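Given as structure tokens, the chain that follows is alone and in the form predicted alone.
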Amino acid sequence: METWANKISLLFPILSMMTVADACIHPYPEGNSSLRRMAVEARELGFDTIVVPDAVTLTCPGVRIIPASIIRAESVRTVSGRLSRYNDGKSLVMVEAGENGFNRAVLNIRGVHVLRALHLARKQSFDHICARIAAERGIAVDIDISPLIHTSGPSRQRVLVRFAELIRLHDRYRFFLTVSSNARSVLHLRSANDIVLLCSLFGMEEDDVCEALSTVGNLIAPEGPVRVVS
């Protein structure tokens, strides 16, 4: 049977020439599937890169694993303090969004790569000022597709509205975006085509989805020896 890895160059010719990344997955022990199994499945779905919190720099044949450090904090001072531990040039540093003032301050901190979980923050927590700062400083905003898959009704609708607002700001300011499945099982992973369809629900164009899937490659270039997942 033809795999997504074989189909990707036909369906997404632009993606076949650049990084195609799921910007956050959670293998065992946080999830219930091993890192190797999730990496192999991601490859079958057309990805060549996955971002994994607290991983080491690894590769599975055809898939690069980029380690990430997720910072959850209520104060900017705490974020700054924790950043000193992750300033190794190898980890993608992701900070969970908060209220508007917090987000503006975080976007001005050197060493932050991604602002994530924005759909969980209060309305207006990411405004045109945040958008401009993110664009100027090359910091990405993550789109987490998991609530579009695992929620329904008013909860899902609220997420769609928040993402639609984000895309309107993106269309104006052109800051980086990433897309993550936040999968905790191989069953939660989605193909690039699925992601394009899900993102279309809140008005994101296919070209912008392709660009977002390639963003991780522009944010960090891990150095050092690479190990193979066994």
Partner chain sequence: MKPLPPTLRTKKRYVLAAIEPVGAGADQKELYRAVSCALTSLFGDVRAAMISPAVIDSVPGHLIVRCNRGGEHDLRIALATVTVAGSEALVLRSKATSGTLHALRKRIQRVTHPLPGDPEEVSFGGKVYCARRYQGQKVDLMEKGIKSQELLFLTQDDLEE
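Positions refer to the first chain, counted from 1. Because the structure is predicted, anything quoted here is derived from the model rather than measured.
One more form of this protein, predicted in complex with the partner chain, exists but is not displayed; see below.
Student: The partner chain isn't shown here, but in the model of the complex which of Arg137, Arg82, Arg72, Arg156 has a heavy atom within 4.5 Å of it?
Tutor: By the 4.5 Å heavy-atom cutoff, the listed residue in contact is Arg156.
Student: If the cut-off is 4.5 angstroms on heavy atoms, which of these, Leu198, Leu177, Val63, Leu169, is the one near the partner chain in the model of the complex?
Tutor: The residue in contact is Leu198.
Student: Is it the case that Ala55, even though its partner is missing from this view, gets within 4.5 Å of the partner chain in the model of the complex, heavy atoms only?
Tutor: Result no; Ala55 lies far from the partner chain in the model of the complex.
Student: State yes or no: in the model of the complex, is some non-hydrogen atom of Glu205 no more than 4.5 angstroms from a non-hydrogen atom of the partner chain?
Tutor: Close contact is absent here: in the model of the complex, Glu205 is far from the partner chain, nothing within 4.5 Å, heavy atoms only.
Student: State yes or no: in the model of the complex, is some non-hydrogen atom of His150 no more than 4.5 angstroms from a non-hydrogen atom of the partner chain?
Tutor: Yes, His150 lies within 4.5 Å of the partner chain in the model of the complex.
Student: Any chance Ser33 has a heavy atom within 4.5 Å of the partner chain in the model of the complex?
Tutor: Yes, contact at 4.5 Å.
Student: All three of His119, Val161 and Glu165 touching the partner chain in the model of the complex at 4.5 Å, heavy atom to heavy atom?
Tutor: Looking in the model of the complex, the three residues His119, Val161 and Glu165 all stay beyond 4.5 Å of the partner chain (heavy atoms).
Student: Taking only heavy atoms into account, state which residues of 181 to 203 are within 4.5 Å of the partner chain in the model of the complex, ordered by sequence.
Tutor: The stretch 181 to 203, when checked against the partner chain in the model of the complex, contributes Ser185, Val186, Leu187, Leu189, Arg190, Ser191, Asp194, Leu197, Leu198, Ser200, Leu201 at the 4.5 Å heavy-atom cut-off.
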